[in-house]
Every structure is written in structure tokens, then in C-alpha cells.
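As a starting point, one isolated chain is supplied in C-alpha cells, in the form predicted alone.
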Amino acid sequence: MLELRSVTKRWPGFSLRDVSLHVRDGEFFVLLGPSGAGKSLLLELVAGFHTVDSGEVLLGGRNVTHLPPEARGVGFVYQDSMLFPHRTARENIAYGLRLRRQRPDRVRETVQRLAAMLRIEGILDRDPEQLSGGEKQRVSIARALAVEPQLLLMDEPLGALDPLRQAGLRRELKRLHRRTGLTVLHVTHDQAEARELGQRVGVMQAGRLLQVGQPAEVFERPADAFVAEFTGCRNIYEGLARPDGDVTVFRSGALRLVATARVVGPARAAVRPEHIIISTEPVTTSARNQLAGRVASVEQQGGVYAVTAEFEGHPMTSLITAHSLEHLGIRPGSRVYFSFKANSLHLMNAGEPADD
């Protein structure tokens, strides 16, 4: 459906460099990355709001690189909805259809159909100032869908909403995608959003597309240390990896870890906090990695607690529920045992050797 071929765009102080991407027909694809990574600029290049310096943009096999926005067949949803303030929700949704001189009966039918699909029938005659943030975004999505785009571009559409409304609109977007089968390119910096919505995810940083894959692949098997850290893996170490029978032994100073990945030489090792089991007594387990240390800090993170302990001079963080934290009596200074399986330790090649 959407194909980017070595797309490059240079701005003062920033460049989008040699980005190639293929979004499949009917796919919900999420671009994930920090602010300033180039995600929104990439959407605007696809939409035709800016011209590329080099490379090609193809939609449905058609080269649209030099076509204006109105000739590309895309819809665009912004973070702040961008509704016309002096038009009702109904008039906002109908705007693109009226520009195309659609028959009044077709305009009415389309508006009612989309309002029912997005569950906003009761607000069609309200002005934007009378709508909640979530309602505004539903109207904005309906307006984008009204012109039947080949591709829907969404630029941080949930970013201005509170967590409760974000969760509700995420569910609506999933339901809408299942119902319409529309091709969607969605930008966010939110990991939970990417995991929940994306059939595939691409991670961007500093104008480059670093990794593309299914959410489980990107989050569990990051391509490099930046992807690992940005997707929530706080436990990243530099060292050397060597084969040892059917496993690989990774060492960083006195820290010794075991992995199933076959990496040799300078490497980075990463293990996600949620894969680590924490206990206050040694346990009998099949996990190949079992470490003993003392708690350095306990931090609340939403509905869980991040427990960081020191092992051979290396900090490592595990996540634990409030109930388990209280039950185990864990606090700074507590003796704890961390354990995790060898296949939970992800190894990445590194350019330079670390101290062994």
C-alpha cells in the first residue's frame, strides 16, 4: 500500500535520512520514537505537505512523490484535532465531501454512517468548544474517513487526552480498524499505545528508521541499545559473549549471565524488568540466571514498583506488584534474589569491547 524508497529530507539542524518502509494493505502500522525523531515530518512527507529532497513515495503502487496533498488520497488526523471552531461536528465531518461537491443526500448518509461507527451521533450538532477531547478526536477521525482515503495518517492522536480517554480511544481505533480494514500509519511516543495498536512497529530516532517488526519482536529482541532502552528495557550491559556448550556466556566485569542467543565477541546484553522474578530467599528454578544482591531503591511506576538491586557492581531492575512488595517486605538494603531464563537475555553485537 505505502512504500517509501530511500526518502531523505534536510532541514536546518535536522535531516530525515534514507528512510525505506513498506506498509501493507490493510495494516495498522505504528511509528514509535521520542520527540524530535522525525516521525511527524515523515507523515507530512507522505501526505505531501513537504517535498522530499530525494527518494520516492508510492501509494497503492502509484508514484505520488511530486503530487500535491489533495491528489494523494490520504486522510490526516492531528494531535489537537484541528476542527473548524465555527462549524458544528456535523459540518466538520461533511467539509471534505462538500468541497468535492457530493450530493446532499450522500453527504447526510456518510456523516450518519461515520457518526454511528464512531459513536458520536448525539454530538453532531454541537460546536467544537462543547466537545470533550475524546469527542473532538472522534469527529476529526470521522472527517478524515469521510473522503474515503486510501491511507489514514495519525499524528499522536491520543497525545492530548488523559489516560482514561486514551484507553477508550485506543479501543475505538482497534474496533474501527477491524471494521474498515483501512491502512493506517500512526505516530506515537507511547510504548503501550504501540504495543496495543500496532500490527507492526517501526522505531525512529534522529531521522533514521532503526528497526521494523511485530511488537513482540521489537520489544523483546531490540536491534540496538537505543531501541532496547526506549522500549522500556532498563537493564542493558556491555561486555563480552562467548559460546559455552549449548548456551552463550556473557560477562561484564564480575557479572556473569547466560543466554541462548549465539553472539560472539563484544556485545550488549539486555533483559526486560518484567521478565525477572524477585524473591527474598534462594529458589529452586530452571532459570539459568540466578543472582543475589541488595536493594538499592524502590520506585513506584503506575500500578507496579520498580525494585533496583546491585549485582557485582551492576544495577538491575525488576517489576513487582504492590501486594508482592508488601508481602515480601522489600525495602532498600533488603537481600534479594533475581532469576530469569536464558532466553530472556537478549544479546546484541557491539562495536567496541568492554572491560572483561
Partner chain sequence: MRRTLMTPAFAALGAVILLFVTVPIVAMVAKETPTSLWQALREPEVRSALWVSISAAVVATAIAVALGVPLGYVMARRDFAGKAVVQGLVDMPVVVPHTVAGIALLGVLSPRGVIGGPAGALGLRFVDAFPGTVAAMLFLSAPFVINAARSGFEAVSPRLENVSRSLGAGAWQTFFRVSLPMSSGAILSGAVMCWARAVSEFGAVVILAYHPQVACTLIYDRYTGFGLAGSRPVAVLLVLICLAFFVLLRLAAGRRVGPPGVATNA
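Note that the structure is predicted; figures quoted are calculated from it, not measured. Positions refer to the first chain, counted from 1.
The same protein has a further form, the form predicted in complex with the partner chain, not shown here; the description that follows concerns it.
> Please state whether all three residues 236, 288 and 337 have a non-hydrogen atom within 4.5 angstroms of the partner chain in the predicted bound form.
No, none of the three is in contact.
> Which among 157-165, 115-123, 90-98, 204-212 is in contact with the partner chain in the predicted bound form, heavy atoms within 4.5 angstroms?
Stretch 90-98 is the one.
> According to a 4.5 angstroms non-hydrogen atom cut-off, is residue 68 in contact with the partner chain in the predicted bound form?
Residue 68: yes, in contact with the partner chain in the predicted bound form.
> Please run the contact check for residue 265 against the partner chain in the predicted bound form: heavy atoms, 4.5 angstroms, yes or no?
Judged by the heavy-atom cut-off of 4.5 Å, residue 265 is well away from the partner chain in the predicted bound form.
> Applying a 4.5 Å heavy atom distance criterion, does residue 243 contact the partner chain in the predicted bound form?
Result no; residue 243 lies far from the partner chain in the predicted bound form.
> Does the 4.5 Å heavy atom contact test between residue 53 and the partner chain in the predicted bound form come out positive?
Result no; residue 53 lies far from the partner chain in the predicted bound form.
> Just give me the single entry in 176, 107, 83, 169 that has a non-hydrogen atom within 4.5 angstroms of the partner chain in the predicted bound form.
Flagged contact: 83.
> Considering non-hydrogen atoms and a 4.5 Å limit, which listed residue (255, 247, 147, 192) is close to the partner chain in the predicted bound form?
For this set of options, the contacting one is 147.
> Across 42-61, which residues bring a heavy atom to within 4.5 Å of the partner chain in the predicted bound form?
Residues within 4.5 Å: 44, 49.
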